[in-house]
Structures are given as structure tokens and as C-alpha cells.
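First, one chain by itself: the form predicted on its own, in C-alpha cells.
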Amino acid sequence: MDNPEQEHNAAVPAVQPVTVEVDAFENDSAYGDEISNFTASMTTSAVDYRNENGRRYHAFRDGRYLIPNDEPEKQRLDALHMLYRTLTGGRLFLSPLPPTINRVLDLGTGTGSWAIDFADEFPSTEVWGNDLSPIQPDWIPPNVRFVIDDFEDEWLYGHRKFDFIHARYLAVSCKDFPRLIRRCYEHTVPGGYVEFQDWDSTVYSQDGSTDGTSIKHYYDVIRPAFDKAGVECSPGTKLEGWFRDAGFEDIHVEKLFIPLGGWPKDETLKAVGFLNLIQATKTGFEATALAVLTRNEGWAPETVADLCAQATRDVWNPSIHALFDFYIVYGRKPA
């Protein structure tokens, strides 16, 4: 086995500045029947959604996840899916998967966009997606199956194992990442891969332009609120250690930049920055802050709206060059 420290160093190059563009802003039936019956039995209660402060939230395990699941949020999640594919040059994953794989699991699948795209690219693979909310489309490839499930509870899959387990953007969704990654290890076939893609939600700038801004204030408010709620909002930097502790080998780490705004000169980063700006200002700021601040911190909805409006104002300022670090980490279970 290669020295993991050497591989990590090779995978995470020295930080390079992001150049600012000056004029930027001018089919196995047995398993299917078993789990489908379980999921169907929960369907009625799972769609008895909580409606609160003008947004809709999941019903199954009510309160586990503090982000809405309504139509604006579905559109935002699909915009994020486009953002990630743009960031990675269209790739759905970085793991060195073989051409043929049998079974894949997408944790916290959301609208199911990743699972559907993967199923289209690998039509002979069984693709599973689980989520607290049944918000996935009805028209899906025949090799996709969505189930209502809490990935932090006991998994429904029994003895079944997966060739590849994928998780993307579980920030603010998971209370115990080390336990979840150990469970992924247990449910992966020998020689199979697990890949997590996630944020460090600390906003910063390479030129200091975010100092004192309402964008920074917004994240300085919501990060401690999620910490108090017991969920991890910046898993990206810790993924490598959790993978190593779980027993994975050949761990690969890649750190990417996600700008907030269309200020970068690089065309890919500019596109990513615009997509990030759109998802954040349309509903993202509100979706992330509303429940955690009103339920847990006692804020009035109007005060949350003011916090989001101030952050939105600064995001549209091309002189503010906000960045996030985004990590893609995969590892192989020993054969």
C-alpha cells in the first residue's frame, strides 16, 4: 500500500490564488419487494409534511433535518447538482470504478439527480437512493430505486453490500460522520469504493474582501447554531481522517474552490460562482438559516429575512470575492 501521507500531499496541491476578473459584473426482485413494502408502509406519514414560516419540511423523522423540502428547495438542489458537475468537468465521481459494477447507493439523495444520472451512465447497475423525503420524480430509469430512510439509523439493506457508496453535501445533515463512514465501510464489498463530497462552510477571501461583510456575518451566525443543534456543518476538512479511521485504503483527497459570485477570471470557476450565487440568493440563504434560527435560537422570521437580505446584498457586490473550500475524498475497502 502506498504511503497515505504522500498520496494526500500529492492530491492537495499548494493553494493557488483564484484570479479576479475585473469586469465580471457588467434487478434482484427479492430485495426490491422487501424494501419497497417497507417504504410503501411509510408513504402516508412521510408526506404529512410540516409547514412552517412559509416553507415545507420533511415529515418522516420530523425535525432531523433543518432544511426545507418544498419546490423552491428542489430547484435549489438541482442547481447545486449542476454546480458540482460543472466544478468536476461533468464527472459524477472521482473514484476509479471498474467499467461494470453491480450495486450503488446514494446517501441523502434529495431530488435524486445524481442517482438518475448515474443510472443513465451505468444502465446495468442497480442504483439506490435514500432520503427522509420522497421528493424524487416518478419517471426514473428502470435501474433506480428510491427508499425513505434515515441513513443515521439502522440501514434497511440487511446482508446486501454495495460496490460504490456515494454521499454529497451531507453538511448540516449528519450528527455522527465517523459512525456513518464506518457503516459505509461495513456495507461496501471488498475492493469497493466510498466517496464523500462536502464543504468547509467557512467563507473567506484570498484578498481580505470578505472581512466585515454581511456574508461573513451570516455564516458566523448559522455555523454556531448548527453546532448547537448537534450537526456537522464543515465536514470537508475532516473526511480524510474519518476514512482512515474506518479502515479504508488508497485514500484520495482533492480540494476545490467554490466561489460565491461571478468574479473569477477562470471560466469554469466563473460558471460555478454564478450557480452558487443563484442558489444562495434565490432561496439558499433562507433555506439554510430559517429553521435552525427560529426553532433553536428563538429568532423571529423577520429577523432571519433581514440577515439573509443583507448577505444577498453583499453577494452581488463584485468587489467581494467570497470563496469556500470543497473536498472530494474517496477510499477503497481492502480486498
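What you see is a predicted model; the values in this text were computed from it and never measured. The numbering used is simple: start at 1 and walk along the sequence shown.
Here the subject shifts to the form predicted in complex with a small molecule, a form of this protein not shown in this document.
K.L.:
Which one, 97-105, 131-139, 116-124, 184-192, holds residues whose non-hydrogen atoms are within 4.5 Å of the small molecule in the predicted complex?
P.N.:
Contact criterion met by 131-139 only.
K.L.:
Is Tyr218 near the small molecule? Define near as a heavy atom within 4.5 Å, in the predicted complex.
P.N.:
Because no heavy atom of Tyr218 falls inside 4.5 Å of the small molecule in the predicted complex, the answer is no.
K.L.:
Hey, in the predicted complex, is His252 touching the small molecule, heavy atoms inside 4.5 Å?
P.N.:
Contact with the small molecule, no.
K.L.:
Is Leu170 part of the interface with the small molecule in the predicted complex - any heavy atom within 4.5 Å?
P.N.:
Heavy-atom contact with the small molecule at 4.5 Å: present for Leu170.
K.L.:
Indicate whether the small molecule has at least one heavy atom within 4.5 Å of a heavy atom of Phe274 in the predicted complex.
P.N.:
No, Phe274 sits far enough from the small molecule in the predicted complex that none of its heavy atoms falls within 4.5 Å.
K.L.:
If you check Glu232, Asp163, Glu152, Asp200 against the small molecule in the predicted complex, which one has a heavy atom within 4.5 Å?
P.N.:
Comparing distances to the small molecule in the predicted complex, the residue within 4.5 Å is Glu152.
K.L.:
Which pick from Val144, Ile222, Leu92, Leu77 sits with a heavy atom within 4.5 Å of the small molecule in the predicted complex?
P.N.:
Here the answer is residue option Leu77.
K.L.:
Does the small molecule, in the predicted complex, lie within 4.5 angstroms of each residue among Pro264, Phe285 and Phe324, using heavy atoms as the measure?
P.N.:
Zero of three within 4.5 Å in the predicted complex.
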